[in-house]
Ligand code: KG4
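Have a look below at one chain only, the form predicted on its own, in structure tokens format.
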Amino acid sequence: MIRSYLESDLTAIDKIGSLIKDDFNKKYDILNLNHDYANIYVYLIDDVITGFIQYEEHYEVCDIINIAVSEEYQNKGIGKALIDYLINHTKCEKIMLEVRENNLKALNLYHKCNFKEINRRKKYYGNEDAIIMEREVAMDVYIMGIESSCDETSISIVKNGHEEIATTVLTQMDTHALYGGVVPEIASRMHTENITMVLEDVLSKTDLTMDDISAIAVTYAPGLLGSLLVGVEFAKVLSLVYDKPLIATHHIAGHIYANNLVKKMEFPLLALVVSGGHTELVLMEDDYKFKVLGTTLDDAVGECFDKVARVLDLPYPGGPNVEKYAKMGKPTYDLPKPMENDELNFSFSGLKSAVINLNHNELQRGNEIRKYDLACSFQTVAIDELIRKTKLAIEKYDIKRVIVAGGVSANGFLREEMEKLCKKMHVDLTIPPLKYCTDNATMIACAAYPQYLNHDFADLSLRAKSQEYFFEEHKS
């Protein structure tokens, strides 16, 4: 635990400070609360002070005066933790310090914390030079994400790639349910009517203004072209008017990086990407570095859910309604298992065709279709295949971390089975909360953060694309 010092801490601080200077208290008058140097954070283990960092702030510069750790607690990362804490809590633009040139242990620590040598004071410590070091303090990054790839108009503000500040999602689901599916022309028209109101609403939820926004990120692909165009053009206008960088973000990247809203992704990891257009097992070696281990050879699993919903005459949206029916049924229908081999590719067209043919044959015979049971039978086989292939990938590539991404990650049965698998195999699993699994702008702002750090910006010639295979553009 790290916190600001209390008056009762000063004796312990002085004792630890004596490790670095015999006359520590005499030189810095640490017991005088009114002293200029009385800015201190302490590190506690079981309520015992094991280290501290002493600093002074002058306008845009924060000077580290001293940092010390009790001898028995050294080499445990406490010094770095104290520096990181100071970096995250100072309002200064840069942090500076001074260190003896022969203090290699301290120099190694400061280099790990990204301090750079900017000057030297010759023979400042007798025969030793004093090295002056500095590092810039990264200011908070607020990215505004815009998502309009289908029938959700959404704008979100996310801080530093993982902290949601505010999000507004305006759904068109009730309108399109009247037609049994999304009508592209209606969707784009409703985006146009609503997007300005969505912007006003999301800003009203915060104390931020457009001046506080660091960049504008927008889904440019894939999706309904008319819907995408509304979001892209709106983002370009905001970028131009408010002089903000423009970031073109892929919809599938958004689903993947929604996992950062749970906890920061650690690499390498295995991503199971499951949506209406994607079914992939992907090895991520770093941000935006992907190696596709397996992909669907025909239909995506989300597409199959939607087609089975139509076969069962279930209302829009299809996939979630198949899941609802499956919960009330049993897997009594005998359906074929897809691709019974040890490859990592997927194939769901045979399973989809089996459902279509079974339904047709039963109707021809005058038999009543047990919709709950057929939905359950289909879902059981489809999810079992996703779990089986994920298990194969974990074993083959010695995976320690798994994430699930895409709209189908909202499926409760998939989530339950994946949790069982990863627990059994001692693998760390992350799945976004349900509200981040469906289309939303929060995930787009999250995915844009690594792009922002790499200055991966678009210009005003950015165009929407109805189709673009994401992983081909971002190979390891």
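Remember, it's a predicted structure, so these values are computed and weren't measured experimentally. Just count from 1 along the sequence shown to find any residue number.
As for the form predicted together with the named molecule, it is not shown, yet the points below apply to it.
- Partner proximity in the predicted bound form, defined as non-hydrogen atoms within 4.5 angstroms of the named molecule, places exactly one of 272-280, 236-244, 165-173, 343-351 at the interface: 272-280.
- Only one of the listed residues (Ala410, Cys62, Ala68, Met418) places a non-hydrogen atom within 4.5 angstroms of the named molecule in the predicted bound form, and that residue is Ala410.
- Although the partner is absent here, Gly231 lies well away from the named molecule in the predicted bound form, with no heavy atom inside 4.5 Å.
- In the predicted bound form, the named molecule sits within 4.5 Å of a heavy atom of His251.
- The named molecule is not shown here, and in the predicted bound form it never comes within 4.5 Å of any heavy atom of Pro331.
- None of the heavy atoms of Glu98 is located within 4.5 Å of the named molecule in the predicted bound form.
- Taking the named molecule as positioned in the predicted bound form, the residues of 272-306 that bring a heavy atom within 4.5 Å of it are, in sequence order, Ser275, Gly276, Gly277, Gly302, Glu303, Phe305, Asp306.
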